[in-house]
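Take a look at this single chain, the form predicted alone, given in structure tokens.
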């Protein structure tokens, strides 16, 4: 019985129940007329799912999101690994991405709109500038902190540089790289919604803005809740792929 209450899944369920219960309580006080209860939000979510309005907007949101995350993941990991393996690339690239990570990148969205218009390109770039710095810096840090003893062991067995990188450095760095991917994916979702709110009202951002404008706050919160659920599911899938391909020992405890 004790193991049941300390199991990670049980603790997750309890935390979710506590949060939703607190949400329901605050909605019933109410803390604001614009803050619906959890049950009202779920009812609005179900209504939007059944009438098809929710499914109709998500393709417009997922297109720039998935393209931006693919570009950020591919080039971000490659750039981070290259910076970790090459000191000159580190000196040149690390300060740039550190500044990008700490800068208020959302302020650049109007500039992207001015340069590239209100189409798909601006939205993809918004996702990229939000997610890529996190992915690059995590990959770079992971490679730089690969245990030296493992690299020396590979060299002592006459492994080539390519073999050492592919069979020692990347597997050892994979947990931190995947952590960067999860953080980058979370930032990518934020970037996709910011793009729809600030560039042009399409997709789930349009649904949020429209329901806010007509004071349908339950539907507005339902739209926000839905994108949060998709983000959690996407990040959970990334975590599971890490366990499958790079950390099979963790599958036993999950």
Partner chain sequence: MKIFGIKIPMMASLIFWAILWEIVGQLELSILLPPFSHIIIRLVEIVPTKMFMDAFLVTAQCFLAGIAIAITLGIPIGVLMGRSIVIDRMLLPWVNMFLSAPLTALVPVLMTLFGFGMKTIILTTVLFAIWIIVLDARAGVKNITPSLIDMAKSFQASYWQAFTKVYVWAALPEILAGMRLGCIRAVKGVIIGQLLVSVVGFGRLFELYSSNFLMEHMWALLFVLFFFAFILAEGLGLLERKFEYYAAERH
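The structure presented is a predicted model; accordingly, all values stated were derived computationally and were not measured. Positions refer to the first chain, counted from 1. Take the two forms, find the largest set of C-alpha atoms that superpose within 1.5 Å, and that set is the rigid core.
Keep in mind that the form predicted together with the partner chain is not shown, yet the notes after this line are about it.
Peer 1: By the heavy atom within 4.5 Å rule, which residue out of 54, 43, 190, 66 makes contact with the partner chain in the predicted complex?
Peer 2: Partner contact (heavy atom, 4.5 Å) among the options: 190.
Peer 1: If you check 79, 106, 85, 179 against the partner chain in the predicted complex, which one has a heavy atom within 4.5 Å?
Peer 2: Checking each option against the partner chain in the predicted complex, the one that comes within 4.5 Å is 106.
Peer 1: So, a 4.5 angstroms cut-off on heavy atom distances: do all three of 94, 227 and 232 pass it with respect to the partner chain in the predicted complex?
Peer 2: Spot residues vs the partner chain: full contact, yes.
Peer 1: Within 4.5 Å, heavy atoms only: does residue 102 come near the partner chain in the predicted complex?
Peer 2: Yes, residue 102 sits close enough to the partner chain in the predicted complex that at least one of its heavy atoms falls within 4.5 Å.
Peer 1: Give a yes or no for residue 71: in the predicted complex, does one of its heavy atoms lie within 4.5 Å of a heavy atom belonging to the partner chain?
Peer 2: Taking the distances in the predicted complex, the answer for residue 71 is no, it never comes within 4.5 Å of the partner chain.
Peer 1: Heavy atoms within 4.5 Å of the partner chain in the predicted complex: does residue 119 have any?
Peer 2: Outside the cut-off, so no.
Peer 1: Check whether residue 217 has any heavy atom within 4.5 Å of a heavy atom of the partner chain in the predicted complex, and answer yes or no.
Peer 2: Yes - in the predicted complex, heavy atoms of residue 217 and the partner chain come within 4.5 Å of each other.
Peer 1: Can you name the residues of 180-198 that have a non-hydrogen atom within 4.5 angstroms of the partner chain in the predicted complex?
Peer 2: 183, 186, 187, 189, 190, 193, 194, 197, 198, in sequence order.
Peer 1: Rigid core superposed, CA of residue 30 - does it shift 2 Å or more between the shown form and the other one?
Peer 2: Yes: residue 30 shifts by at least 2 Å between the shown form and the other one.
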